[in-house]
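Shown next as structure tokens: one chain only, the form predicted on its own.
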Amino acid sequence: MKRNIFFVFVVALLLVLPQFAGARDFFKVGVITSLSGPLATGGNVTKYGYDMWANTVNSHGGIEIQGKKYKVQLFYSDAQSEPSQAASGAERLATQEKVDFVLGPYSSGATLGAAPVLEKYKIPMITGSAESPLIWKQKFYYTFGTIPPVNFTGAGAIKTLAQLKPAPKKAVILGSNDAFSKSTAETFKEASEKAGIKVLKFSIVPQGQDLTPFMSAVKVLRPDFIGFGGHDDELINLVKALHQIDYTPKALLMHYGVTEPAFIEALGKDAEYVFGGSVWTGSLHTKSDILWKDAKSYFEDARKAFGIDVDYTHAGSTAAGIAFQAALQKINAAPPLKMEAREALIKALEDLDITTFYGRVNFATEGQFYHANVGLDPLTIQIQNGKVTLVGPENYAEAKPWYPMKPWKER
């Protein structure tokens, strides 16, 4: 009799254990970003942003779902600055870690590597930093982005330059040979031509190339402004190359990287006057009731956490976490997320329209910006007195643009 009772108990236990094995009281969040390789600086920027969200949510007890709070745990995968490694990381997070959702890579190339894999496993991803239009043209169903694509924002800085007096009439546009940088250069070229600025030369150059010979050739053309699409170190090296050959254009325009603290630290006075594109700064007037009340409070908290002045990629990465948080609360989804919950999460993200410290998060559901955030306005910044300063559009401007650039030797 005792043997029969024991047998029944074991069978019942075996039936119940799988249910408990799948249950957990926290969200498993995959993170794919470049923590090594040439894009590690930007990759760690996204890491700071994702960590900022996770640490802050957990300090509040977690994400509240129907009266119960669930903490988030981040599972990192190093994309190593390579799209193939981003794809491998996505595979591991999906099949081994079995994450509920993913916070996506720094760099568009890595995002394009990871997205098809996550499509296969039907796992939602929001990237907080990829800006190439190529991502959104693919119309990945499970991929979203909190930073608008560069063809949505990049023309804004050109409009600011076109309103300067005297307006620049001739330009040289260059871009590094990767998805984001090429798209940036193409956007600068198209916007310049629409503004009546003659593009004397347009070139896509190899990644990591010594830019001094290119700038020497540009010096002969004497353009009023130079526009360059590239990543952190490349932007710094371009400025150094211009200083080395002693050529100062009237204006120098870049995109992502100018707002990174590393840009000003590396260049000092040579960073002054450089224009850049952005969608957020710590001085932006935003209002929210989700985690941070405005841009300033986030900026100050992030500075305390990391000891640096954070930029729009930090903020966009944190906002990616907030978007997931708001969507999960909307559908009352507790971990672990089964297939039906992940499908509901996609629908909730498509319907999302929230105001955060970062500004409005509202993902497009059709057209060329499919699943990219189109809730933000393009901004123009300039480095003035060692600080990132809003100079356009006029209704956002904190100061007037400095123009033309002061020669290197006069600083």
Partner chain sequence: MLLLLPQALVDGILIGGVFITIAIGFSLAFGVMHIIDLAVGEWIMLGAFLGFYLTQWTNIEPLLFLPVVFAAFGIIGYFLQPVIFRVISGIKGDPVLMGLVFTFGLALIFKGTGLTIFGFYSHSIPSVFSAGSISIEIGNFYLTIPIMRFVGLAYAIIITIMLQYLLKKSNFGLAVRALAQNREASGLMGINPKKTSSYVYAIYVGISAMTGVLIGSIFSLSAQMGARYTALSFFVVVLAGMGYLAGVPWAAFLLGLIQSFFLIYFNPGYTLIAVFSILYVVLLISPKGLFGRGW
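Numbering follows the first chain given and starts at 1. All values reported here derive from a predicted model rather than from experimental measurement.
The form predicted in complex with the partner chain is left out here; the points below concern that form.
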item	value
Position in contact with the partner chain when the complex is considered in the predicted complex, options Gln368, Asn44, Thr365, Thr355, heavy atoms within 4.5 Å	Asn44
Contacting member of Thr153, Gln325, Ser288, Asn237, with respect to the partner chain in the predicted complex [4.5 Å, heavy atom]	Asn237
The partner chain contact at Ser283 in the predicted complex, heavy atom, 4.5 Å	no
Exercise: Asp301 in contact with the partner chain in the predicted complex, heavy atom 4.5 Å	no
is_contact(Val220, the partner chain) in the predicted complex, heavy atom dist at most 4.5 Å	yes
4.5 angstroms heavy atom contact with the partner chain in the predicted complex for Lys189	no
Region of this chain that lies against the partner chain in the predicted complex, out of 190 to 198, 325 to 333, 275 to 283, 210 to 218 [heavy atom, 4.5 Å]	210 to 218
Full three-residue contact with the partner chain in the predicted complex, heavy atom 4.5 Å, for Pro38, Ser203 and Lys409	yes
Residues from 310 to 346 in contact with the partner chain (non-hydrogen atom within 4.5 Å) in the predicted complex	His314
